[in-house]
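Quick heads-up: it's one chain on its own, the form predicted alone, in structure tokens.
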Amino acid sequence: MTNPVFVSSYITLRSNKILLNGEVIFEAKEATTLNFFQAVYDHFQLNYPKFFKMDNLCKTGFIASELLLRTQKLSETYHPEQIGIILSSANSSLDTDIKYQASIATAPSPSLFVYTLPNVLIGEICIRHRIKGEAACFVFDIFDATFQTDYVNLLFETGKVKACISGWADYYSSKAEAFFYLVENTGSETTLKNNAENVNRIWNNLNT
């Protein structure tokens, strides 16, 4: 790239704990995953009633994006068309797919069917944060920092975005996991450049 872009901030959600820029901001050691979602919602006073209609993958991603952007309203800095979101996932909507398949035996559930595509996760975040730029959700077995950074950097290089949420969101069998980071075209000598080495370093530190 001619001009580097930077990781402004990052957040992880895993094992009933949330870290923002490496610092713990919330933890519920004894909670189940569903109780954890409720505890986070109450603690941060998210005040978004639609949250309770979402499936668990969407709740995972919604919480991560909400807390990542809590002190920065992207729509106040950028036009909606200048903001992108590029995510990946291992299990996609499988958790909800299984529940929907089970519902077919009696009466197919429209409320479950709505969430049988992983791009609904992105849709929920876009609605909440007025994101109208490039958006995609990819499925990989594991988080691929090289793919994520190359894809996002290309969006900046071609002028399609000026800010982009990138990362990983996954939910399956009561296990929620998210790693989101905000990429912007402004930074300093102390700000991490958006490249695979730096993003992998953050990801690996979060997994230790």
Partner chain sequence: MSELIDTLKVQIIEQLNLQHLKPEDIGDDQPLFVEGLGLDSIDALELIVLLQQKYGIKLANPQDGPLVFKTVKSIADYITEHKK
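Residue numbers count along the first chain shown, from 1. As the structure is a computational prediction, the values presented were derived from the model and not from experiment.
The protein also exists as the form predicted together with the partner chain; that form is not presented, and the subsequent description refers to it.
**Q** Which among 52-60, 135-143, 159-167, 66-74 is in contact with the partner chain in the model of the complex, heavy atoms within 4.5 angstroms?
**A** Of the options, only 52-60 has residues within 4.5 Å of the partner.
**Q** May I ask you to state whether residue 90 is within 4.5 Å of the partner chain in the model of the complex, using heavy atom distances?
**A** Residue 90: no contact with the partner chain in the model of the complex.
**Q** Contact between residue 82 and the partner chain in the model of the complex at 4.5 Å, heavy atoms?
**A** No, no contact at 4.5 Å.
**Q** Should residue 119 be classed as touching the partner chain in the model of the complex when contacts are defined as heavy atoms within 4.5 Å?
**A** Flag for residue 119 set to no.
**Q** Quick one: is residue 111 in contact with the partner chain in the model of the complex, heavy atoms, 4.5 Å cut-off?
**A** Output for residue 111 is yes: heavy atoms within 4.5 Å of the partner chain.
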